[in-house]
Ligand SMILES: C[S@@+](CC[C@H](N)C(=O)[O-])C[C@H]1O[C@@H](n2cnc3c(N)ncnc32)[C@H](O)[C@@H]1O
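Presented below, as C-alpha cells, is a lone chain in the form predicted alone.
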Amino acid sequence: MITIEQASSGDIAVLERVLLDTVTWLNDKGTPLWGASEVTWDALSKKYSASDFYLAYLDGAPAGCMALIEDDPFFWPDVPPDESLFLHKLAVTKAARKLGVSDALMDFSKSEGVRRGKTTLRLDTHALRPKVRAFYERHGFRHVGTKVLLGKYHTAFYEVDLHSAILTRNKNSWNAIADSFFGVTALPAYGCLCPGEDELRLFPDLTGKAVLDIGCGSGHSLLWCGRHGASELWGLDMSDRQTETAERLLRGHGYAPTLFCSPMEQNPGLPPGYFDVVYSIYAIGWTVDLQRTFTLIASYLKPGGIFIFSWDHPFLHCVEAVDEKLVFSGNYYEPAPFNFRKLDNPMTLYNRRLCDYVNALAAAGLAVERMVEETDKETLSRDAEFSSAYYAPGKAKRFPLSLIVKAKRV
C-alpha cells in the first residue's frame, strides 16, 4: 500500500535518507544526477522548507519523496506567480523502484495542484536522460523547451495542463472498463438506492422533444427517452468506447442518435438554444470544471428548458464504516480531487459540496425547481445488515446516497 504525506521538520532525516539513497543508486549505475552534498538539509533548506516536501510510504516504510513549490523564478522566470505548481527532487529508493511509487507521486502532484487552484504543473529535468523524459511524457507532460543553464546544465522543461491530464486519465480508464457498465445506472433509475423517475416524475412529456444526455454511457437512458416519445436523441461521453456502444444500441432499436465523444467541459458542436431537456444520470461528477459545464448546459437549452442531473450525495464521501458504526470522517468543506481505482483502472474525481452545485447552477442562469435527497422506500422498509460497502443499504437508511436536482433555464 502506498500512502503520501506532507513532510514536517521532524521528517528531515528521512528526506535526507531517501534522497541520498537515490544519489547512491544513480552513482552506482554510472548516471549521477545530484551530488551527496546537494541533498543534505543544509543545502536543501536554502530553497525549500520541510513542508514543501511530500514523503511516499510503501507498506509503512519511506519509499520516495518530492518537493512541490509555488514559485520558481530561476527555472521558470516568465511564469506568473500563483498560476503553477513546480515539482522538484522527485526520488524513489532503490528498494521501491518499479513498485508504483513514482506513479503515485506523479498522480498526487497533479491532484495537489488542482486542490491548490493551479492550472499547470511544471518541472525541469536533465535533457540527456531519455528514460526519465519518457516517464514524464507517459504521465502527460509536454516538452516546452530546452536550455543550457550556467553554461553546462542541459535542462528540458515540461508542463502539463492539470485538467487535461485528469480528463485523459479518466477517458482511458473508462474505455478500458466501459463494457462492464453496460446498462448500469440508466433511466428510469437515477442512482444508488434512491427513487426513480417512475416515482419522481421530474421529466416533462418528451413527445416530440429534443433531448441531450451528458455522459450518455451505453445509451440506455437515451433509449428510455426514445421510448417515451423524444424525437431527437443527442448525447456526449468522454469515452469513445461508450459512444460506440451507445450508437450500436440505439440504432439496433431503430433510432438515429447524434453522439459526440467529448468531455462535457467542451462544446463538440452542439447547437445553442436547441434542446428541450438536458440531463445527466450519474455522470456530472466527472467534470473537472463544474461551472464551465453548467454554463455550457444552460447554453444548449431553450429558454424554459429543463436540466436534470443525479450524482453521489456530497455527504457520502465524508462517512465511512468503522467497527459497525458510521463515522463522519471526511472533510466536507474541502472540494479536493482524489485518486482511486475502478476495476483496477486509475481515475480522479472531485469532492464537492451541495453549495458548489447550487451556486454553479445559479451562476449559469439555471433556477433549481426541485432537489431530491431521499432513499427509496424499499430500502427504508427492509432490514439491512451492517456493511462497509461504499453504497451500503445500512448507510442509505440513515442518509441519502444520491442527489437529484431539477433546474430550469431562466
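Given the structure is predicted, the values throughout are model-derived calculations rather than measurements. Residue positions are given as counts along the sequence shown, with the first one as 1.
Note that the form predicted together with the ligand isn't included here; everything after this is about it.
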Original post:
Out of the stretches listed (106-114, 301-309, 274-282, 74-82), which one is close to the ligand in the predicted bound form, meaning heavy atoms within 4.5 Å?
Top reply: 274-282
Subject >> Proximity to the ligand in the predicted bound form, single hit among E244, E197, E159, E265 (heavy atom within 4.5 Å) >> reply: E265
**OP:** Consider the chain as shown here, without its partner, and state which of A91, L121, L212, M238 has a heavy atom within 4.5 Å of the ligand in the predicted bound form.
**Re:** M238
**OP:** Using the partner position in the predicted bound form, report whether L99 sits within 4.5 Å of the ligand, counting heavy atoms only.
**Re:** no
**OP:** Mark L296 yes when one of its heavy atoms lies within 4.5 Å of a heavy atom of the ligand in the predicted bound form, and no otherwise.
**Re:** no
Original post:
in the predicted bound form, does T185 have a heavy atom within 4.5 Å of the ligand?
Top reply: yes
Subject >> L167: touches the ligand in the predicted bound form, heavy atom cutoff 4.5 angstroms >> reply: yes
